[in-house]
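Just one chain follows, in the form predicted alone, and it is written as structure tokens.
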């Protein structure tokens, strides 16, 4: 990728930009770049997303930028404020707690539906993610691998609407979850819980996998709540 022009007076925002003039859907590319930067914490809570700057960085008009920002707002990742425009959305402790409760309900059901459909190839894929999680030290990679582990199992549920809602929920809390894993020594515990969930799946025990998944999510939520309350005073 060649160096991009940064207009005078603009600060460089922390997300990957590419020249998408020839792309089939510039809005999709801008959306994914901003979404990734938000969920990984590269764009901080409250940070202003200026349409003119984003358009310049991607070498496009403001129209696909507005479309991308509209989609991000629909998914709760940004908000529009008077006199300031689009900013990265934050979540209260209570909102995060509710999202974890929702995840525990839906993901427990998703994996219960998935277990009867799991084949050897899928279980081997999940095993690779499980092992990679235990070895990883990069917080950004940990979040990605954690999501890939769960999704590798959930996809066998054949419930695309459920998975869409799981993805949306994870997008909203992923940056907080990465902090919880990193700063509360949550990685070893999460790794052990992944092992137990995967073992239940390998045994074909759908009810046990469901119960373990629910407990795994609720435990992570409680740990994160404690961490956030301490951080926010």
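Numbering follows the first chain given and starts at 1. The structure presented is a predicted model; accordingly, all values stated were derived computationally and were not measured.
Omitted here: the form predicted together with a further copy of the same chain. The next part is about that form.
Participant: Please tell me whether the candidate spot formed by 189, 194 and 227 is one where all three residues come within 4.5 Å of a further copy of the same chain in the predicted bound form (heavy atoms).
Facilitator: Verified in the predicted bound form; spot residues all out of contact, no.
Participant: With the cut-off set at 4.5 Å between non-hydrogen atoms, does residue 86 touch a further copy of the same chain in the predicted bound form?
Facilitator: No, residue 86 stays farther than 4.5 Å from a further copy of the same chain in the predicted bound form.
Participant: Contact between residue 140 and a further copy of the same chain in the predicted bound form at 4.5 Å, heavy atoms?
Facilitator: Because no heavy atom of residue 140 falls inside 4.5 Å of a further copy of the same chain in the predicted bound form, the answer is no.
Participant: If you check in the predicted bound form, is residue 101 within 4.5 Å of a further copy of the same chain, heavy atoms only?
Facilitator: So residue 101 counts as contacting a further copy of the same chain.
Participant: If you check in the predicted bound form, is residue 185 within 4.5 Å of a further copy of the same chain, heavy atoms only?
Facilitator: Residue-level check for residue 185: no, no contact with a further copy of the same chain.
Participant: Just one stretch in 70-78, 144-152, 115-123, 130-138 has heavy atoms within 4.5 Å of a further copy of the same chain in the predicted bound form, so which one is it?
Facilitator: Of the options, only 70-78 has residues within 4.5 Å of the partner.
Participant: Are there residues in 169-188 with a heavy atom within 4.5 Å of a further copy of the same chain in the predicted bound form, and which are they, in order?
Facilitator: If the 4.5 Å heavy-atom criterion is applied to a further copy of the same chain in the predicted bound form, 169-188 yields 169, 172.
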